[in-house]
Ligand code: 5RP
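Presented as structure tokens, the chain that follows is alone, the form predicted alone.
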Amino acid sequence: MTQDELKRQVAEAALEYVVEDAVVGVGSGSTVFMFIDLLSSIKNKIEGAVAASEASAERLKKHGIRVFDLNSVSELPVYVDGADEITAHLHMVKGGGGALTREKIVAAVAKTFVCICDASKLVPVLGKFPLPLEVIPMARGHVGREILRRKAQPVLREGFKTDNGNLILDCHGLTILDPPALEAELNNVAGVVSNGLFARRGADVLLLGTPEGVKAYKKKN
């Protein structure tokens, strides 16, 4: 099976988690775009959606799905998003598309976080994929030095600004053995808006596309 076929598998499987007559949260990225395309087939059964990126909001609107501002939504039963890396503990690295802060906010509101990705994203230890940090522009140098002190290499994502108007530093060379601790530590560096570790609020369900079909992993309490 191609990677696109695996992505479509999990996007279809995620439809089962959508709650009727409610608002669904959607993240960003190619797998989520497939989910949005499929969501259009049941758009009359949902109230609408909250999008974690401007690109996802535009795609929802093109399908005639009502897009809500998160501040106007009192509850969000389900949030569906992808991952750049994920472990069996359902800790993730996200932010390859640069929407990590808004994704983190929507995930924090959602009752259930469903992660959809293909089997190539499942790893034993996080860190091979560079860890993105959303950084306020004037803090770029300071944050970069803090990352160097942690024996990692910060690389500015050239020509890119987040939907919030900030920069992304991609941190190479990290081996992330304690994701929740590193997530909290990096969030305390002055100038970091948020980082791409989703461990303190990881996924509740992982739908993993494999050649043998979709495998579901659930968070252990």
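Position 1 is the first residue in the sequence shown; the rest follow in order. Bear in mind the structure is a predicted one, so any value in this text is a computation, not a measurement.
Here the subject shifts to the form predicted together with the named molecule, a form of this protein not shown in this document.
Enquirer: Open or blocked pocket for the named molecule when its pose in the model of the complex is superposed here, using 3 or more ligand atoms within 2.4 Å of backbone or C-beta atoms as the test for blocked?
Expert: This form leaves the site open.
Enquirer: Taking a heavy atom within 4.5 Å as contact, would all three of Leu76, Thr112 and Arg201 count as contacting the named molecule in the model of the complex?
Expert: Not a single residue of the candidate spot has a heavy atom within 4.5 Å of the named molecule in the model of the complex.
Enquirer: Heavy atom within 4.5 Å of the named molecule in the model of the complex: which of Gln153, Ser30, Asn44, Asn164 fits that? Just give me the one.
Expert: Spelling it out, the residue with a heavy atom inside the cut-off is Ser30.
Enquirer: Please determine, with the chain shown alone, which of 104-112, 67-75, 83-91, 142-150 has non-hydrogen atoms within 4.5 Å of the named molecule in the model of the complex.
Expert: Residues of 83-91 come within 4.5 Å of the partner.
Enquirer: Hey, in the model of the complex, is Leu100 touching the named molecule, heavy atoms inside 4.5 Å?
Expert: Leu100 belongs to the contact set for the named molecule.
Enquirer: Would you please decide whether Gly96 lies within 4.5 angstroms of the named molecule in the model of the complex, comparing each non-hydrogen atom pair?
Expert: Gly96 belongs to the contact set for the named molecule.
Enquirer: For the stretch 110-125, return the residues whose heavy atoms include at least one within 4.5 Å of the named molecule in the model of the complex, in the order they occur.
Expert: Counting only heavy atoms within 4.5 Å of the named molecule in the model of the complex, the single contacting residue of 110-125 is Lys121.
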